[in-house]
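Heads up, the chain below is alone and in the form predicted on its own; it's given as structure tokens.
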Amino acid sequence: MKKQKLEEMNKKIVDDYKEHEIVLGDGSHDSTIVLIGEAPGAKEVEAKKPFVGQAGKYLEEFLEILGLDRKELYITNTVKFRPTRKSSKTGGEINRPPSKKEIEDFKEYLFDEIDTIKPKVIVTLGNVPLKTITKDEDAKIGDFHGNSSKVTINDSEYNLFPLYHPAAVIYRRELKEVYHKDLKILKDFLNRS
């Protein structure tokens, strides 16, 4: 039932966004955890799968600390295509944060995706998915990371556990210790849930 509903939703989103290379959610339809990133990057578009490449390396570390296998998760992004801009240095395409309109365009789909999976815990990675899930434009990961709270999506209540995006650790090495501490708190939270 869940698989069929997701397949129907996915077909519609791919049809609606023919001009983009869509990267759909991936993983177990019966997962107790939904992991949500911002948007796919170049490697994700190439593989047609979220969290591969550099982000995938951090996901492996995330899974190892939690004692989980990728197949046990459902992984998706807030925006389903790669937002890009031209690099002033190279002239090539580089990633950019998704616009408010792009986030809004995919919000209902994301909420339906979560509501179909019905996880015990939603783990957001970074500001974009946090703001989208909490419906709070002022939410900042620095204020929410490592703490669980409740959110309502499509009339159902879910546990929310925000984390810094693993890529943030690449650019801000001082976050590595914080990130690991948050993962240990998440592990304890999952063991109690």
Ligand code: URA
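Residue numbers here begin at 1 and follow the sequence given. Quick caveat, the model's predicted, so the values are computed rather than measured.
Omitted here: the form predicted in complex with the named molecule. The next part is about that form.
*Asks:* Given the stretches 25-33, 60-68, 130-138, 43-51, which is the single one in contact with the named molecule in the model of the complex, using a heavy atom cutoff of 4.5 Å?
*Replies:* Among the listed stretches, the partner-contacting one is 43-51.
*Asks:* With the partner left out here, check for me: in the model of the complex, does some heavy atom of P162 sit within 4.5 Å of the named molecule?
*Replies:* P162: no, not in contact with the named molecule in the model of the complex.
*Asks:* Hey, which residues along 74-103 are within 4.5 angstroms of the named molecule in the model of the complex, non-hydrogen atoms only?
*Replies:* The stretch 74-103, when checked against the named molecule in the model of the complex, contributes only N77 at the 4.5 Å heavy-atom cut-off.
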